[in-house]
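Quick setup: one chain, the form predicted alone, written in structure tokens, and binding and motion questions come after.
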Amino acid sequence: MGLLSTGHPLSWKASQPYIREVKRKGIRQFIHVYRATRNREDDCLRWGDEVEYTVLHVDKSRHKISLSLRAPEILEELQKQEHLQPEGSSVEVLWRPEYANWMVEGTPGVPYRCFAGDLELVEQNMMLRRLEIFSVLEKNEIVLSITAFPLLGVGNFTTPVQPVLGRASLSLYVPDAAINPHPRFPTLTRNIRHRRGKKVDIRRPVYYDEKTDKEFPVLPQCLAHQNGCNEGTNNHHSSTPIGDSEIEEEDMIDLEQLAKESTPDIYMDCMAFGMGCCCLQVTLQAKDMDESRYLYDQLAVFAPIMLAMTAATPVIKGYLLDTDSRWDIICGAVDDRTSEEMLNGPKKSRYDSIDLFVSSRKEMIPERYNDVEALLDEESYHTLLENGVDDRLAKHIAHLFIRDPLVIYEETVHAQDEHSTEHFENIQSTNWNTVRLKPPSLELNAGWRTEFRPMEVQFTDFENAAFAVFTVLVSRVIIAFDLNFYIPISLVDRNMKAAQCRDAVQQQKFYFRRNVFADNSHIPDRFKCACGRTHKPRFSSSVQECCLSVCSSCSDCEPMTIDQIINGKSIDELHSDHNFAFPGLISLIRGYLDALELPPESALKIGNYLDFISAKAKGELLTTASWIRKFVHNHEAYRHDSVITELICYDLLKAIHDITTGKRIEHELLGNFYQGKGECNEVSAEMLQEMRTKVEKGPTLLASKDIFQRLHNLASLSDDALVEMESRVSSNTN
């Protein structure tokens, strides 16, 4: 999660004299990188994914699952192999910390390449990640790729139980012990609250069922009695802030007043409710700055579509929500705006969709598409222009710099090193948008990159691989066919709201461009792929018809269903004066892949991913959120009151665990695209090494079906088998 510097972070009050200095240095650092890399060309496609995992503690005797706070210990074990490697070598998987102590993040050890064969490695590498985590878990722990823990903030939801009302968050519901101990994380939590002048205030609409309450008390029951949550809490009306800083007004908590308050919404009061959610991300290196900026714009339009398709958060804080996505929860969780800024701008949280398209290509018409107000840090903007940065990029950076740096380290505040990007990344990394434009790293030799950030994580490696591969293929057809997705930013914002609605795939429409070809008169007859070869695309007749039906106003956009955007729509489906058909993104991807003439096995595997995405878009398969919602409604303990009890949570997570391991087949969720059967009877350190070797060798040495099967069923091991595996792995690596 962003920049993890070391040192002593300043309190918000102590940071005040240095904010302008950090901004100025950050702008100078960006200018240095820009000058060094603006003419950098012909970088090959390199890309990678990030999957965030949740570690859980299982108490079978009590039918209770809680969040395990052992992520820092687990991470230390997972990173041992990386730390033992000689300088310049690599490992198959990289592990990184995340905000909460129940989260770990895994990425491929080296980026995937531009070859179609690398797309086959994604699911394999994700399997290896899950296997590595399982190898270091304790007896009663499991790991799942879920977006949000259903009982986050409800009672004693962590293991071990920890007191609430901590000094960083002052949360009534979530203990500070749940925050990663790296200084960046509690400081972010505290400084967002102090800059804002009060705690964050997250409100999400409850799903109203037959017996749902109309009001919900703000104060949890354990604090209402002022005797703590079982094993103790800070039983006082105020909390001492972190470090030696003075008590601020916003640090005062009046429990007696809060006991009188209630809300019609689900109220959440700290950063952990948002940043404790898990997601799936993809980062793509472009050939140059121009391509990366164009891809940034196009993927920003595409982001709401993928948010809706991957929606996986219909429950949080013990209630069914009337929304399906985490997005606005996180927006509120890190919203540091003051009351005055809420009224006068910025109009959005620093976690939200973008406000400005940034490409300098002719297709981007700023007066048409950049149609929302975007404040600029005027000093930064003029400095950028004076140093040769073009207007659109200068506005993009200056808009990021309207935000204050939230974590300033005492050791680096006065550093003058222009070759570092720490001050720039301080602000860049705390602008959490649907997409992020990442300048080259001068140290790691990485080029201009675009990070795609909206997707919610799915239960299985198959699903996460399918969505990651689909995202990459969409980026490839954007570049290969010079596609143009531009619509006004205001409509992108409307799409983001629609994407979070309950069952958005089936119930909502999304504004999308009716003709996505940059040249409106015809579709491309050839393209150059990332590997440098020229190919002739093979489009279906329906794609050809789409271009033949172009009308005079084809540059306009109109509301479409996700099925139509992904799978296409015919002329007859349009209820408008213009008979225009839309090809569908999958048709364009298939034309692209057909031109590459993939080997049969590769075509089959990638085709299976595309068929799965297509079925999701059609509504033939449930979204993860819809599946969770249906599970809750059908549970025998559900009382039609929107409440998620401990038993419902236990059975839900157990079912997800069984889906992940292949013990439970859910055709409504996965169709026939993913199935795993049988028990795992053989687990050893040799198996772990075998999988690492196969991942390292690449697509020419794919893991056998047997290995895949055993990986998918690993979590179904008995407790004794898990203990045995842990000892074997330990003995093999020592």
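Throughout, we count residues from 1 along the sequence that is shown. Here the structure is a predicted model, which is why all the values come from computation and not from measurement.
Beyond the structure shown, there is the form predicted in complex with ligand ADP, which is absent from this document and is the topic of what follows.
Shown here without its partner, the chain carries Thr107, Ala446 and Arg449, all of which come within 4.5 Å of ligand ADP in the predicted complex through at least one heavy atom.
Contact annotation: ligand ADP lies within 4.5 Å of heavy atoms from the stretch 449 to 457 in the predicted complex, the single such stretch among 641 to 649, 269 to 277, 403 to 411, 449 to 457. Using a 4.5 angstroms threshold between heavy atoms, Pro111 counts as touching ligand ADP in the predicted complex.
None of the heavy atoms of Ser353 is located within 4.5 Å of ligand ADP in the predicted complex. In the predicted complex, ligand ADP stays beyond 4.5 Å of every heavy atom belonging to Arg514.
Remark: Lys438 counts among the residues lining ligand ADP in the predicted complex, judged by a heavy atom distance of 4.5 Å or less.
Of the residues given (Arg28, Lys64, Arg46, Arg38), Arg46 alone sits with a heavy atom within 4.5 Å of ligand ADP in the predicted complex. Though ligand ADP is absent from this view, in the predicted complex it lies within 4.5 Å of a heavy atom of just one residue from Ser587, Gln285, Gln500, Thr623, which is Gln285.
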